[in-house]
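Presented below, as structure tokens, is a lone chain in the form predicted alone.
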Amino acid sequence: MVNKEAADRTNGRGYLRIATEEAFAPASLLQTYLKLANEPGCDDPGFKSLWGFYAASPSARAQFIMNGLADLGAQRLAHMDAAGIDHQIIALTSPGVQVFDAPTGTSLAIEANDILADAVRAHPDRYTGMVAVAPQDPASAVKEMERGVRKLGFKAVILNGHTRGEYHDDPKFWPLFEAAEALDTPIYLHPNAPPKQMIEPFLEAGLDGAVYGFGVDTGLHMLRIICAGVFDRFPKLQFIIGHAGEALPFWLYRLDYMHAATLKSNRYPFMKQLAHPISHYLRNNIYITNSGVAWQPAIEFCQKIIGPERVMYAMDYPYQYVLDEVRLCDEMTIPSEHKKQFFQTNAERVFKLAL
């Protein structure tokens, strides 16, 4: 039974709504994106396609997104109140600082983290932060991760996809995983546009962004991390992926079968024998949010496949701000205990919240 104090906070729903993949970016960084996207030497077609458009377009959608990203005050809070969102877990938007050279990325990460920390201090009951890092310089990234967690009070690390075309299964990035495990801090693997070596077919069809390319690239990235043996080396490390698991739960049977079959065939000498099937890591080392997927069949499937204790709510603000989608999630016909886990208690546990 929900006590009176909890009922007052939840308007009788029985749960708080905690949104776990919500984006921001300082206005100065957005202008830097636009400048970089227009430079003749920029050789990242995904970045140019995404930020060359959004940072300059007068369209209503682009302007809403740009304004929403830059605002950590009254406008964001008003949008949260209108949607009934009690708390946001906020991270620097993709590609974060991972598109820059190492010194620039490190400096911009520190600046962005300080701005977000100020907003969290101003609204501790409404905001929680994730620490942005520049993996281009792993040692500096670890240092900033430690500052973000220990000094700024952030509760997760954001990795915005590949770093300048490199995926983080490369062992040179593993110090970040070692540090996250030691800090007992999850890593949110957020999408980025596919890198230049694979994006062209997506661009040709207008499918490079959130419509499809983001999910393909992030699912690939997560699989590369699993198959490289990262979780065998760091068994307590926890990742979070969004958008109903970037399709991985729906592929899980085939992933287990074909990974095992490929190993038996000795087709790729570099492939590693893992301690467990791929499904084990998805159920023990990875949390899923539904960000942008307000659809009961997908949410319920993820809960059944990896467990209701590993699926969390997210809105994907400001990229997908649809008030009716909150109602759709509220009205899901799933067990009430699973709904409370989805909206509230899983996030409280994963991000160590005391709301």
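Because the structure is a prediction, the values reported are computed rather than measured. The numbering used is simple: start at 1 and walk along the sequence shown.
As for the form predicted in complex with a further copy of the same chain, it is not shown, yet the points below apply to it.
Just to confirm the contact call: exactly one of 90-98, 77-85, 127-135, 251-259 touches a further copy of the same chain in the predicted bound form at a 4.5 Å heavy atom cutoff, so which is it?
Going through the listed ranges, the match is 251-259.
Should Pro186 be counted as a contact of a further copy of the same chain in the predicted bound form, where contact means heavy atoms within 4.5 Å?
So Pro186 does not count as contacting a further copy of the same chain.
Would you please decide whether Val211 lies within 4.5 angstroms of a further copy of the same chain in the predicted bound form, comparing each non-hydrogen atom pair?
Judged by the heavy-atom cut-off of 4.5 Å, Val211 is in contact with a further copy of the same chain in the predicted bound form.
In the predicted bound form, is there a heavy atom of a further copy of the same chain that lies within 4.5 Å of any heavy atom of Pro40, even though the partner is absent here?
Contact check for Pro40: no, nothing within 4.5 Å of a further copy of the same chain in the predicted bound form.
So in the predicted bound form, does any heavy atom of Ile240 sit within 4.5 Å of a further copy of the same chain?
Looking in the predicted bound form, residue contacts with a further copy of the same chain do not include Ile240, since no heavy atom lies within 4.5 Å.
Mind listing which residues of 261-284 have a heavy atom within 4.5 Å of a further copy of the same chain in the predicted bound form?
Counting only heavy atoms within 4.5 Å of a further copy of the same chain in the predicted bound form, the contacting residues of 261-284 are Ala261, Ser265, Asn266, Arg267, Tyr268, Phe270, Met271.
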